[in-house]
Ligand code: 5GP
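First, one chain by itself: the form predicted on its own, in structure tokens.
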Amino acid sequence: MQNDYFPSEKVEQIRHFLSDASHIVILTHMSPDGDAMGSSLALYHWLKSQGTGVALIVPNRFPSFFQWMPGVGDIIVYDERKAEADALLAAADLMLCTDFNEPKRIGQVADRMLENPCPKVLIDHHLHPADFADVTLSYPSSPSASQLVYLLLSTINYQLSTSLHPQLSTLNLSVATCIYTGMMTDTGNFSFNSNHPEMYEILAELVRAGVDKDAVYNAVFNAYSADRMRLVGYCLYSKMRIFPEHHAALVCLSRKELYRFRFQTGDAEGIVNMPLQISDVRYSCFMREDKLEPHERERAGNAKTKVKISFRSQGDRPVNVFAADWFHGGGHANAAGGEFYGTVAEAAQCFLDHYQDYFRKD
């Protein structure tokens, strides 16, 4: 990925927005994952280093294993500080949106975002971005939004350059650490969607900037609770279903089962990847029942619950089309997500009714 991915006119427009702004709000998606946290916190630290007034708002609570990230104590969780967040959104003169492609992915924050006519910049790598931003930097070929943030900040700092990746010399360690975290988590520690030579050039720059990659890995992947480990064991032993003819696996969890294991935000992270370690499994789907948020009730109709769904696959076996066609979702070819309004049993039946039309037998 080269910096000419960013047209010069878009970069100049972003530069202009930044120079005129004094109250910037950064937004990212519901249930923030590592890339959402990394890309938004990197922008937050960089703007603070420039002396700019900036706030970072996330729709709901993030997993506890991101609590170590620099600047996390400054994050405003909308569910917990709604009045304060609404005031900041109303006063913003620029909004930077990372790692989501349409307003519905930020939940209740979307209405407040759209009410403010201030300029908005979208930095994302998901398919089919909605037309709500004044400048859209959308590149589905990018492994992560954090990588796009790296390229944008490098470009803004050093003007447009023919060099593949300008140095991070003016960016501080907090920015570099956040970007690395987002890149690492959105590729499963560089195990999928990561066969891009330029990505490793960026990683080298981040390590040169002082990132301790081993410490970041340990903080994210070796910080689970005992309940989470028992939940994983239960999923693999009691809940995993294999469909050998189509090389597929399915794991489903009800809210009752989650309660049994004292489920906390983030405890389901990575479970969808585990069936892919089986020699003949090429597709994996993980479903978990969740409560409806107030803003979702109209969309849900008569449903009392929703189901959050994750898909993973290997090689040239896309799952994003299946996610889009039947589960109101989408994403990357090998890593996608969606949702279903109803029970987890109903969502599983929808999967069973249609997966054979999308998953290859060879």
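When you see a residue number, it is the position in the sequence shown, counting from 1. The structure displayed is predicted, hence computed values, not measured ones.
The same protein also exists as the form predicted in complex with guanosine-5'-monophosphate; that form is not shown, yet it is the one meant from here on.
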With heavy atoms only and a cut-off of 4.5 Å, decide whether Arg228 touches guanosine-5'-monophosphate in the predicted bound form. no
At the 4.5 Å heavy atom threshold, is Gly330 in contact with guanosine-5'-monophosphate in the predicted bound form? yes
Report whether the minimum heavy atom distance between Ala336 and guanosine-5'-monophosphate in the predicted bound form is within 4.5 Å. yes
Partner proximity in the predicted bound form: Arg312 to guanosine-5'-monophosphate, non-hydrogen atom cutoff 4.5 Å: yes
Going by heavy atoms within 4.5 Å, which of 97-105, 229-237, 195-203, 242-250 lines up against guanosine-5'-monophosphate in the predicted bound form? 97-105
In the predicted bound form, the residue from Arg282, Lys120, His126, Arg112 with a non-hydrogen atom within 4.5 Å of guanosine-5'-monophosphate is His126
Along 231-266, which positions have a non-hydrogen atom within 4.5 Å of guanosine-5'-monophosphate in the predicted bound form? none
